[in-house]
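One chain comes next, on its own, written as structure tokens: the form predicted alone.
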């Protein structure tokens, strides 16, 4: 079957268009850890400076990061997450937990996030309405985009 001229409208695809480029989520990781200066980002991510500058510009333009001066002479800036950026932090935590479980061996975690309760964070997705943990078998997709069903576009 040929690729659709108009793919499924999808918030996941729209979000990945902003943060799915190589290094973008790593920039957000570092900024959320408090490492928002350009040299810190270069060192901790390992991205080429020109690529990093492009990613930073895109994340600022998208409203995910804000660029703030920290030195007048010489003029230097640091990056901080906006509210929209902070709302992506749980995605980073969940990706990290998945990587720890599926890509690393037992006890081979390069970083542990400690919750304010004093325990290592084990993120879970819960339903805001009932508080239950979300499991695949409890979900029902209800497409809202006109002309689309769960299985694809409706016949024209």
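Residue numbers count along the first chain shown, from 1. These numbers were taken from a predicted model, which means no experiment stands behind them.
Just so it is clear, the following notes concern the form predicted in complex with the DNA, a form of the same protein that is not shown.
Would residue 39 count as touching the DNA in the predicted complex under a 4.5 Å heavy atom rule? Judged by the heavy-atom cut-off of 4.5 Å, residue 39 is in contact with the DNA in the predicted complex.
Against the DNA in the predicted complex, would residue 101 count as a contact residue? Criterion: heavy atoms within 4.5 Å. No, residue 101 stays farther than 4.5 Å from the DNA in the predicted complex.
Applying a 4.5 Å heavy atom distance criterion, does residue 115 contact the DNA in the predicted complex? No, residue 115 is distant from the partner.
The DNA contact in the predicted complex: residue 22, any heavy atom under 4.5 Å: Taking the distances in the predicted complex, the answer for residue 22 is yes, it comes within 4.5 Å of the DNA.
Listed residue that, although the DNA is not shown, lies within 4.5 Å of it in the predicted complex (heavy atoms), from 32, 53, 45, 93: Comparing distances to the DNA in the predicted complex, the residue within 4.5 Å is 53.
Which among 121 to 129, 93 to 101, 107 to 115, 65 to 73 is in contact with the DNA in the predicted complex, heavy atoms within 4.5 angstroms? Within 4.5 Å of the partner lies stretch 65 to 73.
Pick out the residues of 77 to 105 whose heavy atoms come within 4.5 Å of the DNA in the predicted complex. Counting only heavy atoms within 4.5 Å of the DNA in the predicted complex, the contacting residues of 77 to 105 are 77, 79.
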